[in-house]
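Just one chain is shown here, as structure tokens, and it is the form predicted alone.
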Amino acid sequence: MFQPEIETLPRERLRALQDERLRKIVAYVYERVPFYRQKLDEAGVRPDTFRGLDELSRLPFTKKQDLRDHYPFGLFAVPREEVIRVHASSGTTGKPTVVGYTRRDIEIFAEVNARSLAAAGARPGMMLHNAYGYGLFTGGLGVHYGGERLGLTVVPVSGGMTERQIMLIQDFKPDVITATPSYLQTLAGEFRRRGIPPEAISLKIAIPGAEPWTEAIRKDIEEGLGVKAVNIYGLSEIIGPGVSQECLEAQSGSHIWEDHFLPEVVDPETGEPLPDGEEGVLVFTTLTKEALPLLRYWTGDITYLIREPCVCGRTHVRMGPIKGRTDDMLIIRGVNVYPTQVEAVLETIPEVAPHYQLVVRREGTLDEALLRVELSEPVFRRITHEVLSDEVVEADHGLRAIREKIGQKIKETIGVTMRVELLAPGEAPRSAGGKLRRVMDERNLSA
């Protein structure tokens, strides 16, 4: 562990620390951020009478739109001159969400990433191949500073330029790699294409993040690169990567560093807190941020909390895998659909690989969903052999059976009818280093 005294803090002492820090942060934002002074006044919350964790649910939610409405620096709690770094989200429309850091914030950013890398199995002296993007995206620099803080040799490769990535991995022989799960799949596929087996790759640990991913993707990464894959989670509004980390020992839920980030899971419709184990929207209150402290930030991520003891000995609560995002949710013919639900179904179909694209269109007044998914290598080879052997009828029958199997499973599990198109290996979109867009919603729902 990087900080065993904090990471194994007894729950009652951790709660007392959270309670103290929550009271301080409420007073801090009330004094320094006009937006929060107004919101707290409207909620009837006064810092001098606020009773900490017992009254957490009285605090107002903060949503991404609030940051956009105060673009660029309107929610900062310190003068701009005290902000030593600015990052921004990679929003697809409009202006980005801007976040800032004081020098103390940057120290905490490095600290939680060092904890995360250690929990993932990294040790001082190991080499880290960091393929997260550098720049306004928080991933590259966040992990970079954490790696240096832990004592790793950090190779700041950034994203993309796959040819160079492969060369450096072969030449430098790093132990640890960080990247989006989709790009790790891209790298694994490229090694396979070159005939380089997993045992010939130096990597031991992969730390995917920045995208929801599934056990099928974990298996693909682990088998393709010869690694153990453990999830890192974060979001720029809270700090960036390093908000939580899956430990190597359990590979079952990501430990949230609760001394800095206070988590809740709430009902997506009512905002009411939900009990542990029940899925809802993940909400965070930052307890130690100086430049951009946030009260009850509505992440939009769907997950649940796990408080059972972990085999690794860390006492900090774990969050389950991200099922999806409320703003990524598709409504298809009245049914709520998350991309990760589709991935979970595909995990159960051995004839296909975990590479797909979901395209949603509107034909007249009805939604139509097309699921384009790759065949596995063995099935593709068999089908190709049948076609080359003039056994076209058998090949067509086999493909039709696979399409029907996927469609039926999707219908039974999710409740939506999808047309299925089977692709050859390598035909589905691949990540070029950044986040992979697996869903194409081509409906004009505002028309």
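Residues carry their position along the shown sequence, with the first being 1. Not measured: the values here are computed from a predicted model.
Here the subject shifts to the form predicted together with a small molecule, a form of this protein not shown in this document.
Chemist: Please identify, from 204 to 212, 310 to 318, 286 to 294, 70 to 78, the stretch that has a heavy atom within 4.5 Å of the small molecule in the predicted bound form.
Modeler: Answer to the contact question: 204 to 212.
Chemist: Verify the flagged residues Tyr183, Glu222 and Tyr356 against the small molecule in the predicted bound form: is each one within 4.5 Å by a non-hydrogen atom?
Modeler: Checked in the predicted bound form: no contact with the small molecule for any of the three.
Chemist: Taking heavy atoms only, is Phe191 within 4.5 angstroms of the small molecule in the predicted bound form?
Modeler: Looking in the predicted bound form, residue contacts with the small molecule do not include Phe191, since no heavy atom lies within 4.5 Å.
Chemist: Evaluate Lys63 for contact with the small molecule in the predicted bound form, applying a 4.5 angstroms cut-off between non-hydrogen atoms, and reply yes or no.
Modeler: The answer is no: Lys63 has no heavy atom within 4.5 Å of the small molecule.
Chemist: Residue-level question: is Phe137 within 4.5 Å of the small molecule in the predicted bound form, judged on heavy atoms?
Modeler: Yes, Phe137 lies within 4.5 Å of the small molecule in the predicted bound form.
Chemist: Since only the chain is shown here, I'm wondering whether Ser89 would be in contact with the small molecule in the predicted bound form (any heavy atom pair within 4.5 Å).
Modeler: Close contact exists here: in the predicted bound form, Ser89 approaches the small molecule to within 4.5 Å, heavy atoms only.
Chemist: Looking at Arg430, Arg15, Lys435, Lys24, which has any heavy atom no more than 4.5 Å from the small molecule in the predicted bound form?
Modeler: That would be Lys435.
Chemist: Which of Phe261, Tyr233, Tyr145, Tyr101 has a heavy atom within 4.5 Å of the small molecule in the predicted bound form?
Modeler: Looking at the other structure, the residue within range turns out to be Tyr233.
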